Ligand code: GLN
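Only one chain comes next, encoded as structure tokens, the form predicted alone.
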Amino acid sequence: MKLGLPELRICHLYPELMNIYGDRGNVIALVWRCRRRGWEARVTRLSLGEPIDPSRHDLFFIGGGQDREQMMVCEDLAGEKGEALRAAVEDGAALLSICGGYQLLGKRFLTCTGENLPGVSLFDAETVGGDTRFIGNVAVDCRLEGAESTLVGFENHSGRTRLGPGCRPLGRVIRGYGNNGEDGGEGCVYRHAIGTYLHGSLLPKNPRLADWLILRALRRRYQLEALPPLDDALEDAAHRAALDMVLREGKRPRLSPRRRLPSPR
């Protein structure tokens, strides 16, 4: 870390278990955007059996995973580890969780086979598994203050997530299904923590959301009002190309159980 310059401390949770559809790319994008500004970004990888220190990290990330891995992570987050993650967010840390990680940070996840996985209760949300999958590219109208934009990503889940009054949607679905395919909401926000079904990976194609997370994370230790701007011509071109593709495709049909793909909830 250069003297006097910010250093972003990222905690990547379960990188070997929860990393599908390029979710690791979100961490790469966060590091890259910091280094382009001349700042350091340090990534610590924590997995099963390794405790969380709420004061050590500025930003937490957890991606999506398969059924077996989600059950392992659910058990590992029970008790002190989940409490430490909640404490970090309450103290101002930022967090991004994708798909299976998003589901496990709610109050509970009732799988389509009837297994009741208790959540961390960071988000006021519950998920129930369905018998069909929501699969396809997604566009979302994001009204998150400081990150207003159209988000683009990819969803593949059979879980139906419904939010309680303790959190709000990340945005409204323009194309795709979002949290449950019914109420028009996608993802959730609580303090500086975000949960979403958008794989892809999300942040390389949505730089405003990446910078929203970086700025909120760094404000725990530094007096930052705003981030120095970057030339995002490449990122903006990737975003436009992805958005054009989503709008051309429209809404994808739901897959029947017989055609269900071996992929995350």
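Since the structure is predicted, the reported quantities are computational estimates derived from the model, not experimental observations. One-based numbering along the sequence shown.
The following text describes the form predicted in complex with the named molecule, which does not appear among the structures shown.
In terms of contact with the named molecule in the model of the complex, the residue from R216, R33, H57, H199 that brings a heavy atom within 4.5 Å is H199. Contact with the named molecule in the model of the complex, defined as a heavy atom within 4.5 Å, holds for exactly one of G178, G159, P169, G153, namely G159.
Between 74-82, 144-152, 102-110, 181-189, the stretch whose residues reach within 4.5 angstroms of the named molecule in the model of the complex through a non-hydrogen atom is 102-110.
Here the marked residues I20, G64 and Q70 all reach the named molecule in the model of the complex, each with a heavy atom within 4.5 angstroms.
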